[in-house]
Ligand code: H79
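Only one chain is given next, in structure tokens, and it is the form predicted on its own.
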């Protein structure tokens, strides 16, 4: 498929999800009022930016098996490693350099407000000492509880602690789709028994660690059903009525696009993966784009395809401008260290956030339409081949009485035009240095007289304060 055709196809696919995505806001109406739901979601909507952590025994082989070097957290499945052999990685998992304080400090320093860690990935390995299985951290030389340490440190440093939990389990004998290379499984798979096991483990997580979000995954295989998803969602909400649960607890997710395709599905927010919806989903739809910092979720020692700080910051601006959250992943090593390139990039993001956080936290979507500020560019993929990409000159977020225009490509003329903005402007200034910006407003819109040099090389934020309510407008800019 040609590049432009691909862009059109992706846009059409996202457009098809919009009506259902809007319906998703009513999923919890059977069990709580809208006001109660909004109160439960308030901190998450305010946060905008979180850290994803994929960590487990798969960090021991570090992406390599039988001469192949492109694996990570899926190495057991993709390498078809016999489970009895895979279990031996647990004896090598001894992350003595793990420091919960540094994990949380790294996230907080980047401007992240919450942390989601894989309590159990598809390999079934538990990152806490579950009483229901020996396949977990208590069978390693480590003999510590990383979830306990992280949950306590998050509370000390003011971050929300959250956990990921895989519904699918390649290790458990009762998961309905048993792999041929599971040489330790016994008996006949029993999904009722497996669901009871899941509920028991999730009760342990909620009772012992009090996560603010349960982030499910691995729901796509046939043993998991809509009925089981609804039952699990309702069960978890009885354990903690304030708990936020993603839509992967159910069966209606549209692949990597992440949004539910059935209005009857349960879940509090949609989960686009490795992509940002081109047009967002409009007001009232909760969603979060999860992305890797390189090309893998778990640790791969050979993967050096790191996103630049500019890409991360501009992704954050783009996602916030469309009303979503950004969940950015790190994959720690088997020693318990976040890879230095991840730490370095997150520190640079944090420097930008110190100056410009007002434009992100608690912000609403752009009133100009999600496509405003867009142009088409060409960059090279990891193999050096050119690829067509949608890119941005600027994005915009909003708060009552304020617009935040985040300019990526500083206009060489010094003139920045926002056509269609009818709200009366009180004043305009740069967040970076608080200097006032002159402006000229007419019935057609507003022109900003910007300084010759951009105050920030990645994204300079102009705050426009208005005296009346922001009207949603069809606008464009001229740089």
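Note that the coordinates shown come from a computational prediction; the quantities given were computed from them, not determined experimentally. Positions refer to the first chain, counted from 1.
Another form, the form predicted together with the ligand, is not on view; read the next lines as being about it.
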| item | value |
| --- | --- |
| Stretch in contact, per heavy atom within 4.5 angstroms of the ligand in the predicted bound form, of 255 to 263, 230 to 238, 79 to 87, 142 to 150 | 255 to 263 |
| Residue among 273, 295, 393, 92 with a heavy atom within 4.5 Å of the ligand in the predicted bound form | 273 |
| Proximity to the ligand in the predicted bound form, single hit among 299, 215, 269, 281 (heavy atom within 4.5 Å) | 215 |
| The ligand contact in the predicted bound form: residue 164, any heavy atom under 4.5 Å | yes |
| Residue 361, heavy atom within 4.5 angstroms of the ligand in the predicted bound form | no |
| 4.5 angstroms heavy atom contact with the ligand in the predicted bound form for residue 74 | yes |
| is_contact(residue 52, the ligand) in the predicted bound form, heavy atom dist at most 4.5 Å | yes |
| Within 4.5 Å of the ligand in the predicted bound form: residues from 121 to 154 (heavy atom criterion) | 121, 122 |
